[in-house]
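As structure tokens, one chain now follows by itself in the form predicted alone.
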């Protein structure tokens, strides 16, 4: 099936991706939880549409340019949340233009961001929804206390051109209890100020099947789940057969009995380790470790005879599927009874 594909190449089994989408949507539906998948994993409008078909209420993007690319490619992607603090006149102008096309929301965790957005939307003739981002233990962005969330919610609620949309968080793995405690306290305090909290959105594929442990959340934003990867298999969230994205590579050298070199390096597999040893899992060869990457070479090691030949092809489940997607201009999509098709990745490289 893959004989005519030049390597290294990124393959996507669309049947497995559909199964992954359906599985989580069914779980979320059973718990009354809305799904707003993060498209940073696949960056493909066609897969986002499959997520909508399954029941997703909209999509999540990380950057303004990413949202622009997705919206331009599909008129069905008309409900978008950008989960990033947005600063700068050019980005704010682009945000206004997007808000005139689709239902749009963003997040903020400080007054500078809120005031900048408000200035851009005050006379734009369109209202932007803004969530307050909350730090529930991941220690990335987000206000550090429910009291701070109240102050920003009030600032948004009184700002021209803005509407307070609710609370947002990206918790650490195992953080459901903290999400429940923080968001419940913040919601109570905000409502005591006479401000409604329309939605509370959380995320994270590693804990997606435990989302019900934080029932205060009304929405969940999984990303990696659509493809899965080695990191999620290691966490017990998926099995190898649930991994829709793989990297096809060719053995270009076998310089020693225990060592082989492939044509996929850090520019294909990425350097992400995510706490793992090695840079991916070779399907069917758990005895092989991808122990070293340079830009265009991957080194494979084995305790015994590596038993690979020059010209042989292997498939690798990467440590982190999301970054691999952003490395290539197109992916080879295949399914049962269907030859691979080359799908361009419209949102690839959209990091502004």
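If you're wondering where the values come from, they're calculated on a predicted model, not measured in any experiment. Positions refer to the first chain, counted from 1.
Although it is not shown, the form predicted in complex with a further copy of the same chain is what the next lines describe.
For this session: Would you kindly say which of 306, 327, 52, 33 lies with a heavy atom within 4.5 Å of a further copy of the same chain in the predicted complex?
Result: The option sitting close enough to the partner is 327.
Exercise. Of the options 322, 288, 314, 44, which one has a non-hydrogen atom that comes within 4.5 Å of a further copy of the same chain in the predicted complex?
Worked result: Of the candidates 322, 288, 314, 44, 322 is the one lying within 4.5 Å of a further copy of the same chain in the predicted complex.
Problem set entry | Site check 272, 348 and 351: each within 4.5 Å of a further copy of the same chain in the predicted complex by heavy atom | Judged in the predicted complex, 272, 348 and 351 all sit within 4.5 Å of a further copy of the same chain.
For this session: Choose from 280-288, 25-33, 44-52, 298-306 the stretch whose residues reach within 4.5 Å of a further copy of the same chain in the predicted complex, heavy atoms counted.
Result: Within 4.5 Å of the partner lies stretch 298-306.
For this session: State yes or no: in the predicted complex, is some non-hydrogen atom of residue 228 no more than 4.5 angstroms from a non-hydrogen atom of a further copy of the same chain?
Result: Contact with a further copy of the same chain, no.
Problem set entry | residue 261 within 4.5 Å of a further copy of the same chain in the predicted complex, heavy atoms | So residue 261 counts as contacting a further copy of the same chain.
Exercise. With a 4.5 Å heavy atom cut-off, would you call residue 219 a contact of a further copy of the same chain in the predicted complex?
Worked result: Residue 219: no, not in contact with a further copy of the same chain in the predicted complex.
Problem set entry | Heavy atom of residue 201 within 4.5 Å of a further copy of the same chain in the predicted complex | Answer no; every heavy atom of residue 201 is more than 4.5 Å from a further copy of the same chain in the predicted complex.
Problem set entry | Stretch 87-123: residues contacting a further copy of the same chain in the predicted complex, 4.5 Å heavy atom cut-off | Residues within 4.5 Å: 87, 90, 91, 109, 110, 112, 113.
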